[in-house]
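Next up is one chain by itself, shown in structure tokens, the form predicted on its own.
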Amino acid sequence: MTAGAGPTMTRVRGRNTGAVAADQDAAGLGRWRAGLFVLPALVLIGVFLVLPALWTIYLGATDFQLTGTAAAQPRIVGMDNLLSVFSGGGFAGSLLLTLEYVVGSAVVGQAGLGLALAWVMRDRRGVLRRVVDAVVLLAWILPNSVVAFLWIALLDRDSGTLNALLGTPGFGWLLRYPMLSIIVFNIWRGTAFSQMLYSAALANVPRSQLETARLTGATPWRQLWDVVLPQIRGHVLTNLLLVSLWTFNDFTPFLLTAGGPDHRSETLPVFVYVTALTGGQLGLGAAISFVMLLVNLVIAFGYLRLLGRRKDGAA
């Protein structure tokens, strides 16, 4: 009787152990309870991200407009809107301006200046460090509308602060150099994020390695290039991915130039706004937004591939 009970108890014990292992996660919550914890986040993602994306794709396949018959009874037009996007000259011009804006403002400006500030200020203490941190963070936390108003006051043709300082009354910076103006504006506004991320990354670089490089005669530039950058490459790629996507979808330049003069600063977010709301062509605007989503995916995929190669190389 005892011998017969042994296998039975072993099977029961094994079955119970397997059931517990399959039903519990690392925290011991179980699948259902763990699912309840993430359910609110999934609902928010579905309501505010997935559904609007699906609705945008649907609108992009219709002739939906703000007013008129197409507003009440939109028709499915299939790929006509996408063909109009690529056949028209406005999209190509806005795409080139947007890429210029991303490269100049995000890649070269925010990422480059953020790394330079973090490297120069890494060992600084006292008043200078606090002033630099305060100025950079102030630009980051101020609302976009407030920052845009400050820059309009700075660059105004008639009563701008910059013209008063340079003694060039009547010089229209936003009219003559619209792209340069919004690029510099966005660099000033967004460098804080890059600086904070790089400062945290530099704090994890062993000081002994930098000291060894210094004792061997390496200049600060060689220390940064040979010692620091290889160790923070993952942080650099992550920062480039985030600031590139944020800048690509940034609508704030509209507050400064409204896409002008003569469409010379009309980036893709502004182009979508002008097409969909000012022009009333919501279907065409949705199609442009869908193309922007594809471009965002290409940018993200490129950075993630580079980040994956970095991890493979480290392994």
Partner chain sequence: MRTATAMALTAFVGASLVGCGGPAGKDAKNVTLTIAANAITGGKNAAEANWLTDYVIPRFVAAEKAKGVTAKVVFQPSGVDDEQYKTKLSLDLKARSGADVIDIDSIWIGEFAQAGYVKPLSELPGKAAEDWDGWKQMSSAAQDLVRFDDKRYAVPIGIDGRVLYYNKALFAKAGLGTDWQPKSWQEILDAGRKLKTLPGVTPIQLDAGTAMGEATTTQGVLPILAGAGAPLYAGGKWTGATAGMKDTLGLYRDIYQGGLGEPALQQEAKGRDKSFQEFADGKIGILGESDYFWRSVINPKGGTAPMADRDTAVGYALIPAQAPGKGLRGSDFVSYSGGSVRIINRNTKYPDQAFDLLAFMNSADAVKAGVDGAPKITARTDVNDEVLGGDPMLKFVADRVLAVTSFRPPLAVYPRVSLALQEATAAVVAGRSPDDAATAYQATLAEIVGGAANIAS
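Positions refer to the first chain, counted from 1. Quick caveat, the model's predicted, so the values are computed rather than measured. In this text, rigid core is short for the largest set of C-alphas that superpose within 1.5 Å between two forms.
Just so it is clear, the following notes concern the form predicted in complex with the partner chain, a form of the same protein that is not shown.
Are all three residues 221, 229 and 238 in contact with the partner chain in the model of the complex, where contact means a non-hydrogen atom within 4.5 Å?
The answer is no; none of 221, 229 and 238 reaches the partner chain.
Tell me, yes or no, whether residue 80 is in contact with the partner chain in the model of the complex, where a contact means a heavy atom of each within 4.5 Å.
Close contact is absent here: in the model of the complex, residue 80 is far from the partner chain, nothing within 4.5 Å, heavy atoms only.
Considering only heavy atoms, tell me if residue 37 and the partner chain come within 4.5 Å of each other in the model of the complex.
Answer no; every heavy atom of residue 37 is more than 4.5 Å from the partner chain in the model of the complex.
Is residue 279 near the partner chain? Define near as a heavy atom within 4.5 Å, in the model of the complex.
Residue-level check for residue 279: yes, a contact with the partner chain.
With the partner left out of view, is residue 48 within 4.5 angstroms of the partner chain in the model of the complex by any non-hydrogen atom?
Residue 48 belongs to the contact set for the partner chain.
So which of 200, 164, 175, 135 reaches within 4.5 angstroms of the partner chain in the model of the complex, heavy atom to heavy atom?
In short, 175.
Note that the partner chain is not shown here; using its position in the model of the complex, name the residues of 64-103 with a heavy atom within 4.5 Å of it, in sequence order.
The stretch 64-103, when checked against the partner chain in the model of the complex, contributes 64, 65, 66, 67, 68, 69, 71, 72 at the 4.5 Å heavy-atom cut-off.
With both forms fit on the core, is the shift of the CA atom of residue 45 between this form and the one not shown 2 Å or larger?
Indeed, residue 45 is displaced by 2 Å or more.
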